[in-house]
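One chain follows as structure tokens, the form predicted alone.
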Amino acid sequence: MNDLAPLLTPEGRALLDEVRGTAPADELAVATRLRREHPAELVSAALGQARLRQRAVAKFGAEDADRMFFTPNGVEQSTRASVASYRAERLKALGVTSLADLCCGIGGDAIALARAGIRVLAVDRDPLTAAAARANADALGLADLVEVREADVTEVDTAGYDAVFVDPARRGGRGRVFDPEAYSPPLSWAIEAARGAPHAALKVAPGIPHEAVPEDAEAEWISDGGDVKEAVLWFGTAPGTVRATLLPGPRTLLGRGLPDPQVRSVGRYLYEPDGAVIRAHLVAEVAEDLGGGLIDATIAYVTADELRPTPYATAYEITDRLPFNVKKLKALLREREVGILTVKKRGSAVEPEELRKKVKPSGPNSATVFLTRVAGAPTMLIGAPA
């Protein structure tokens, strides 16, 4: 379906209410029944939208997702509500009251910004996407604060707005795009647009090379529930600052410009830094705060002799250290009666599922095994969450 209009009619909305929560196994029976009274195309559109709403719950929560309108790409590429809300609060704290949201998609960020009291011009060049953004602002009672414009963002005048937010498309016909200059629009254009506003935020892929971050930008990596979601280049804040922000919270670790941590022998505790900390290259800051060092110069595991609380890493107590050897691991797990085995890896080519099949864990106890390198040598560290 290339048009949301039929779903926005009273008949379309009534159908959406009727098909809400339809399980995939029941779709054919529901469609057959509804097609007796409604056009087949409208029934298909309603069921397709119900499916997208179910997928969107993870990002937007059930209450909003059940009222919003989605496109397949919109569900996939929109910002998670918790991340959008955090960013909106940061912009509000900077004194931003009006903002141009360029490449707005289905309006996930525009919704969070409007809920923070910021007036938004939301721009997208795709007609269906812009229609979804408009329908979403209306469905959530935010139409007074969100103006949606179908246009090429490179031709929009953003003068008069306190801030610019740009979320370039990072997917092409062949999937994910890794070169920032292959974004649509390119990162270089987005940076120039950002420099023309008092404040700006550019959403980029978490894997952006640090050398691609402009000197006049602040770089922030954001994770939510332990999963790295995005990186943001901020302008008009603190040039040169690097930060890792963990949600929920937020908890923010600021870079202190530390040199790489020393490599040391494995201590009693192993710390696994949050992905945002690793992407932001702030493992040294975590190691210093924990009084620890690295187990290997190329591996982002921190080891220490004492347990210290930190929100930026998960701590494990290490009980055993073995050279990589499946037979020895299998014997040790059998002796300990380990049936619940968590396998983590960093710097190892072995797949966790493959290892689990070989060692055949069995018993009432649980353990975590780290497949990694210690001072260059393939190693297995066995332990449990501290």
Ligand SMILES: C[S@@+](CC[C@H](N)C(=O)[O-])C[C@H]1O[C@@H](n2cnc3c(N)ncnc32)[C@H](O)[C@@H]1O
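Being a predicted model, the structure only gives us computed values, none of them experimental. Each residue number is its position in the shown sequence, starting from 1.
This protein has a second form, the form predicted together with the named molecule, left out of what is shown; the following refers to that one.
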Subject >> Region of this chain that lies against the named molecule in the predicted bound form, out of 123 to 131, 310 to 318, 215 to 223, 235 to 243 [heavy atom, 4.5 Å] >> reply: 123 to 131
Subject >> in the predicted bound form, the residue from S188, Q77, T252, S98 that sits within 4.5 Å of the named molecule by heavy atoms >> reply: Q77
Original post:
Considering the named molecule in the predicted bound form, which of P261, P180, P168, G267 comes within 4.5 Å of it through any heavy atom?
Top reply: P168
Subject >> Non-hydrogen atom contact C104 with the named molecule in the predicted bound form at 4.5 angstroms >> reply: yes
Original post:
So in the predicted bound form, does any heavy atom of I295 sit within 4.5 Å of the named molecule?
Top reply: no
Original post:
Closest heavy atom of A201 to the named molecule in the predicted bound form, within 4.5 Å or not?
Top reply: no
Original post:
Do P273 and the named molecule come within 4.5 Å of each other in the predicted bound form, heavy atoms counted?
Top reply: no
Original post:
For the stretch 132 to 156, which residues lie within 4.5 Å of the named molecule in the predicted bound form by non-hydrogen atom distance?
Top reply: A151, D152, V153
